[in-house]
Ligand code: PLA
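The chain below stands alone and is given in structure tokens; this is the form predicted alone.
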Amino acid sequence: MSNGTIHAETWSQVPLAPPDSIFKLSAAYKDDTFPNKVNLGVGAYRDDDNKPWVLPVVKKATKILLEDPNLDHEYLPITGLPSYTTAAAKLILGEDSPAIASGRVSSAQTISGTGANHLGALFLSRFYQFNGDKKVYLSDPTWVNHFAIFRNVGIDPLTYPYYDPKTIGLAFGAFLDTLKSLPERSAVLLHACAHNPTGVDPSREQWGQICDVFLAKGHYAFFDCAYQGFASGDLDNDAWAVREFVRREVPLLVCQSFAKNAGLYGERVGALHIVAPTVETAGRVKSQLSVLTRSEISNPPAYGARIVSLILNNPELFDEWKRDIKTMAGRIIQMRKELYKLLTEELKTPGNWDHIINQIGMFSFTGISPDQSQALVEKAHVYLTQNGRISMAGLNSHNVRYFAESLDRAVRGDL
């Protein structure tokens, strides 16, 4: 207000935010008219013809839903479709999970994995007894959205060493030493499998050592699991770390997504599972998850949860889903082998490329420099992030040779 005049808000002081890097990359790819362009930026599965793949089991479940005369569009309960959240908990924690058997798991349906991360972070911000200021420790690097999610709820995201650029692998010694040096009862985010963006996972023996430190220091494990089944093709194998932490009674929560492993990217199907020490505590936790969910989305959407519920609770559909997962994981593993063969045997590309086949899941850290990444985008029409991360799902039998040759030229400085 000036000179006695009241001015209505015009939002003129709102700064223009930069575009999301991944979506910006996808837009640039879409606008590119070059016939051999390659999109290795977005984390979404594509078939060998570079087309989105609707899983056959999802088509079957959809048909069942559409033909159900009792299907309605009523609100779901605040914490989601019970048949979905119960089955989702068993999928990640195991059918024989001691936490489930003793009634100590509080589950809530969320807006995919992002919503699970947000609800988990919000719950920690409200109720976790932090040792000092509210902080969470994230791997360096991690999914970039983790930073914004925690900042938005008043938790300061810091990092711990994870990736070693010299070996293009896990910096396990530095990782473990940092965990030991953190303040007691620190909240630490861990990728359950298929680490995003590096594709580098600890071994089972290393997970055991990580678990030892969590127990000794009283740390809280904030698991993010976006790729169960997608990493190795085996749902149980990819859940091993989470189940081991539960077995050894490390305090934890798990964020779960069905975007990748069910191909339900746009349906936003996720869940948050918090493992409590007692049944009574689990009830109180669930009550607060309900309050938080009610204030933000009232209740979650039904369609995707109904699809996943059908798949998880019908033995025939579940077996078919496991075959579909093997199809997706298998194709990605095959692309890793083909790219590795081209680089090492045919093109004799300078450097060691063992990491291409040693890494796991949808993404691979190539180890190339930002300048080399930029050259691939600008001169070869190969779209990838500046840090050299590529989505292996974007490679197929039609473009893997072009990419390998372009990568070879970028490494040699010939692009």
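Bear in mind that the values here come from a model prediction, so they are computed numbers and not experimental data. All residue numbers refer to positions in the sequence shown, first residue = 1.
What comes next is about the form predicted together with the named molecule, which does not appear here.
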Counting ligand atoms of the named molecule within 2.4 Å of any backbone or C-beta atom, after superposition from its pose in the predicted bound form, shows the site to be open
Given 222 to 230, 318 to 326, 275 to 283, 152 to 160, the stretch touching the named molecule in the predicted bound form at heavy atoms within 4.5 Å is 222 to 230
Legend entry - Proximity of G388 to the named molecule in the predicted bound form, heavy atoms at 4.5 Å: no
Test of understanding: in the predicted bound form, would G113 fall inside 4.5 Å of the named molecule by heavy atoms? yes
Interface membership of F363, the named molecule in the predicted bound form, 4.5 Å heavy atom rule = yes
Any of the heavy atoms of N196 lying within 4.5 Å of the named molecule in the predicted bound form? yes
Site check Q109, G263 and S309: each within 4.5 Å of the named molecule in the predicted bound form by heavy atom: no
In the predicted bound form, the residue from R104, R268, H118, R331 with a non-hydrogen atom within 4.5 Å of the named molecule is R268
Looking in the predicted bound form, the residues of 125 to 157 with a heavy atom no more than 4.5 Å from the named molecule, listed in order, are W143, H146
